[in-house]
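Okay, here we've got a single chain as structure tokens, the form predicted alone, with questions on binding and movement later.
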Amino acid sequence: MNILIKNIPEEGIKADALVLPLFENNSIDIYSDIDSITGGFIRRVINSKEFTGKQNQTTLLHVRNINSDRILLIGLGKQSDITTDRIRQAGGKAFSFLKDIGVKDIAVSTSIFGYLPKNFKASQKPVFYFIEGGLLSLYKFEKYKKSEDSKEIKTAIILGTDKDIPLKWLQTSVSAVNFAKDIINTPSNDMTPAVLSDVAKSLSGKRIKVKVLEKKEIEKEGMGAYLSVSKGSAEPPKLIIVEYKGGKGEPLALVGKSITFDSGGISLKPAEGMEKMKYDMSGGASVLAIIKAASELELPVNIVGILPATENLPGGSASKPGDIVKTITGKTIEIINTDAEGRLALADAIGYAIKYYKPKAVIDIATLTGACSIALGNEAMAIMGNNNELMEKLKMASEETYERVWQMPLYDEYKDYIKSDAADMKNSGGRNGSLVTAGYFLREFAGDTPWVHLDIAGTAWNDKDKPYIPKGATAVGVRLILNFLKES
């Protein structure tokens, strides 16, 4: 989409639709001039209570006497309750509505944003969040669908004098989100570990180097926990390593869970909903998208992405409950539940990152536990780690992007939950505390390296459309970590 900034009054801009955001019940006077020019239509629809300005409410007016054919009124909710995410939601609702009716060119008025309350805080101009929500809302995955829908918004014009809106950042971050969504939404028969490694290789360039370790090389590294997950599948595992060099010093290691399909293995999942388990590699897809965007934005940082890609399937050679495996660190793990496979793969991936790259910090992102969904629903990621400064920076990025995080404790007592009689530890401590015991398990492999774990199990997939996050893969974590990198 072409995004332009033009200092033209609302009545003078030529577009298929002019978008006017309004507060609930008290912002009509802001648009009194254009209302008068168009014959009082706006005031009339507000006085009739057909449009009140409630959050995300829309009303379309066909008008005369201005250069735009239509006016779309979009509600921002109460002025006193406005937040950056309410603006983002309104943008998503407006753009998706206009796309659905076939609008090609839109203009967005920014007049309302001069009347935000004094306590409104944002790091960007308010219209940034409106356009961001709009762009995010337009995503569709139709690769496998015969569709005659060619509806597409081609141009969005921001009306105003602000020239410091970071349009490149905005478009690159949204493009990265869509890149990750495409990977995640692709069914597992077409997104195998080998295909995922090919996607990673496609990013190779001036600043990005990619290498892929094959099964024999993984065996040589002693990554027995990771390999145990892959044993039931005919698809060989691929340890994908993506290096981005944009700065100096030690890299940040991003470790993304990359289980391209998770049946649970011998500890088989229920059949209902198993078709969604293609999204169990959401963490890995997000890591690739973050590195892609970092390269395009030329961020002055060094990153190494580690993706332990495999399938988790039952079969004659599959790992069994009670098996004991040895990790790259030398620690042994008793497998209690083969459906607690993500932490096995991540343990070796974190160990590999620390052994070979000596990172300044490790962030792992994973659809790790069903307990995360039970605790936090679909509204927040669980965050835990061994470094408060790192977590606080991610919390700040969370506030900016509304990819929310909620910190969980890692008390030393949780170590007892994963003690094994037969090995150094076990991969499941049972139902009690299962969200945090999974995090504590990973802490054992991070050691003294600053480390944060993001459990995205409840937020990586939407079962229904949200204002700017369509149904399906969410690519959660991409905007969060990109913002974290920008501010670090």
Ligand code: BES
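For every residue, the number given is its place in the sequence shown, counted from 1. Everything numeric in this text was worked out from a predicted model, so none of it was measured.
Another form exists, predicted in complex with the named molecule; not displayed. Remarks below refer to it.
The closest heavy atom approach of I335 to the named molecule in the predicted complex falls outside 4.5 Å. Residue contact check for D339: one or more of its heavy atoms lie within 4.5 Å of the named molecule in the predicted complex. The named molecule is not drawn, but in the predicted complex it has a heavy atom within 4.5 Å of K269.
Within this chain, T38 is remote from the site of the named molecule in the predicted complex, having no heavy atom within 4.5 Å. A heavy atom within 4.5 Å of the named molecule in the predicted complex is found for one listed residue only; from M277, L159, L390, A156, this is M277. A single residue from the set Q89, T367, S228, T260 has any heavy atom within 4.5 angstroms of the named molecule in the predicted complex; that residue is T367. Looking at 102-110, 369-377, 191-199, 68-76, the stretch with residues near the named molecule in the predicted complex, meaning non-hydrogen atoms within 4.5 angstroms, turns out to be 369-377.
Here the marked residues R343, S428 and A457 all reach the named molecule in the predicted complex, each with a heavy atom within 4.5 angstroms. With contact defined as any non-hydrogen atom lying within 4.5 angstroms of the named molecule in the predicted complex, the stretch 113-143 contains no contacting residue.
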